[in-house]
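Presented as C-alpha cells, the chain that follows is alone, the form predicted alone.
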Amino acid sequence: MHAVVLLKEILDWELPASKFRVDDEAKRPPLDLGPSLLGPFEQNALELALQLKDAGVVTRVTALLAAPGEPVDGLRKALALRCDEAVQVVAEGADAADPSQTAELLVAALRRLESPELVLAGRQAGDWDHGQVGYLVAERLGLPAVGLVFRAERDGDRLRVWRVAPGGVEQLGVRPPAVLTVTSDASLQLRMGSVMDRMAANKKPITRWTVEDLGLSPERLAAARRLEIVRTWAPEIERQCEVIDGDDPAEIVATVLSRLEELKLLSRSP
C-alpha cells in the first residue's frame, strides 16, 4: 500500500511573542520572521504513516508539500525518517492560507502520483487552523475521509482506525483508498532520525513540480480560491505590574486583598 503524507511548514510556534509581527500589506507574518517547522499535526500524521510502514501495512511513504520557494527542511526531515520519497509542489502564485487552492494543488499532485491508497493529513494547520484541506482533498478525489484519527492497524482488507469522537473514542473499519486526518496523541510523538539517516537525507533528491507540470492553468488555480483575507493584526496586550513591599506577611496579604478589591478583581464574601 502506498501512503502519502500531506505536510506543511509553519512559523516556529515557540517564537517569542515580543518578536511576532504582521506585515500589513501581505496580511500575514513576514517570511523571514523566524524559522519554519513542520506543523504539529503534520508531525502526527507523518509518525502514523511511519508506524504503518513499520507494521508492514504500508510499503511506501511519500511526503508531499505545496509551498512556494524551496522549503526543504520539512521534506529533508521526512527523508531522514525514512520516507521513500519527497515531493514539493512549487506553489508560486497560490495563497498558502487558502484551503481550497491548497487542496487543488495537492489533488493534482496526488493524481500524478497515481492516486495512492492512503492519504494522511494533519487535522488542521498550526498557523491558520482551518482544518479543511484533508476533507477537500477527499471530496475532490471521491474518497471517504475519517477525521481525528490517532491510531490505525490492518484488519483484513481494511484498516481499523481509532478516532476522537464527542462521546469518547470510536473504532471504524475503513477500506482503502481513503483519507485520514490525524490528531495529536502521546503515541504519535514524531521520532528522531539517526545521524546517519540525516546525513543520507541531505543527498536524496526532492522532486519538484510546478503548477504547469501538474496541468493547472493560472485561471483554474484562481477559480479555486475561496478565501479573501481582509485584515490581520497582532493583538495588543497591555501589562501592568505593581510591587507591594513589606516585612509583615499578614500585612502584605491584607494590602494585596485590599488592592484587588480596589481594582474590582475580588469582592468580599457577605
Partner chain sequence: MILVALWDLGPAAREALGAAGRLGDEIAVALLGDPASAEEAGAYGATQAFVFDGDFAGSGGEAAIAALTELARELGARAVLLPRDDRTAEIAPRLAERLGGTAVTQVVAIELTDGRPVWTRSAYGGKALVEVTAAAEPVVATLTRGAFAPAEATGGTATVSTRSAPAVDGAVELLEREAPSTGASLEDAKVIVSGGAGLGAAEAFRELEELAGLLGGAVGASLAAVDAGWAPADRQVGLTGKVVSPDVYFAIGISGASQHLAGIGGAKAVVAVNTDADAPIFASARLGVVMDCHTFIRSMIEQLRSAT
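Every value quoted in this text rests on a predicted model; they were computed, and no experiment measured them. Residue numbers count along the first chain shown, from 1. Basically, rigid core = biggest C-alpha set you can superpose within 1.5 Å across the two forms.
In what follows, reference is made to the form predicted in complex with the partner chain, a form of this protein that is not presented.
Remark: residue 108 does not count among the residues lining the partner chain in the predicted bound form, judged by a heavy atom distance of 4.5 Å or less.
For residue 172, a non-hydrogen atom is located within 4.5 Å of the partner chain in the predicted bound form, even though that partner is not displayed. Residue contact check for residue 147: one or more of its heavy atoms lie within 4.5 Å of the partner chain in the predicted bound form.
A residue is said to contact a partner when one of its heavy atoms sits within 4.5 Å of a partner heavy atom; residue 228 meets this definition for the partner chain in the predicted bound form. Taking a 4.5 Å heavy atom cutoff to the partner chain in the predicted bound form, the contacting residues in 124-140 are 124, 126, 127, 128, 129, 130, 131, 132, 135, 136, 139, 140. With the core superposed, residue 219 shows a C-alpha displacement below 2 Å between this form and the one not shown.
Shown in the overlay between this form and the one not shown, fitted on the rigid core, is a CA shift at residue 244 of 2 Å or greater. With the core held fixed, residue 15 shows a CA shift of 2 Å or greater between this form and the one not shown.
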